[in-house]
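In structure tokens, the next block holds one chain alone, the form predicted on its own.
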């Protein structure tokens, strides 16, 4: 039977993600609209984002934090274009976006010494094979595969190369050990439910040293330039952004960060997200038709929760037929206003993907699961007619 209760907030998109509980447009009343971002109050707003970010994530005081253009993609590419080439590079990829960074390094930068450590969707490459005598580029959490690294223990403290981490679906939902990270990036649109198009870039002292000692043999567009005259442009890391940010988005970022502190900071953000994963895991354990894309519980994401089909009648279908089945399932959930944007990523195996970040209430995650069962049974009934 069709479930009686819908999630209070049926937004399960993996980006842009659900706004924080209680959010409304009134939350943006303090936005500095119509003023220059380079004015004194404009810079103060941008600096507040940086300071609140440091406070919530407990980022060390000697790490730089900057607001940069073009979302997480811009932040990652800024790091790759500025930093890579001084050493060989190990690229770790196990989902769509990690593979994009491989394309950047091999086909755009065309670096001569690149090793690829790759795994299929639902798995991790052998992290022990990463050579930290070289630079290592990886995603902490694979948004399109539902796979995360279990911890930072595989990254040595005495590394010679840089660890460069795309953390866009991990920051604010997972405990990232900053001593293991030289570069981290993310976007506002993920765990705190901010608006899109702005990226965050975190640099360790080792990364700054690389920037100031290594001159890449390639042109750098203005929006990528982090140094001038061989020195870090410090203004970028105190709110003097490279290009013009949206002050409406800035206000929204401040609102999300203040909310994070109000509920107890990073510890509570992580708890909320991990509980969403536990809720789905308990359901999946008993489900006759669905399981995790990541079969190893130790590497399952608590934000991008990716599910695959296990029902024999569905798995017996061709890949194209399974993809069609998954689209019908996601469309039915949307029609019923039970779950929006719950389909798997276009390049991932057919299935469902539920965002479980900290802005998604645990009660809503519990409420959506009976709808998944109902929708699956409904679509399968059409299949076997």
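Positions refer to the first chain, counted from 1. Keep in mind that this is a model prediction, so the values were computed, not measured.
Omitted here: the form predicted in complex with a small molecule. The next part is about that form.
Residues with any non-hydrogen atom within 4.5 angstroms of the small molecule in the predicted complex fall in just one of 232 to 240, 204 to 212, 218 to 226, 161 to 169: 161 to 169. Although the partner is absent from this view, residue 70 contacts the small molecule in the predicted complex, with a non-hydrogen atom inside 4.5 angstroms. Contact annotation for residue 276: none of its heavy atoms lies within 4.5 Å of the small molecule in the predicted complex. Residue 97 belongs to the set of residues with a heavy atom inside 4.5 Å of the small molecule in the predicted complex. Shown alone here, residue 301 lies farther than 4.5 Å from the small molecule in the predicted complex, counting heavy atoms only. Taking 289, 283, 101, 121 one by one, only a single residue has any non-hydrogen atom within 4.5 Å of the small molecule in the predicted complex, and it is 101.
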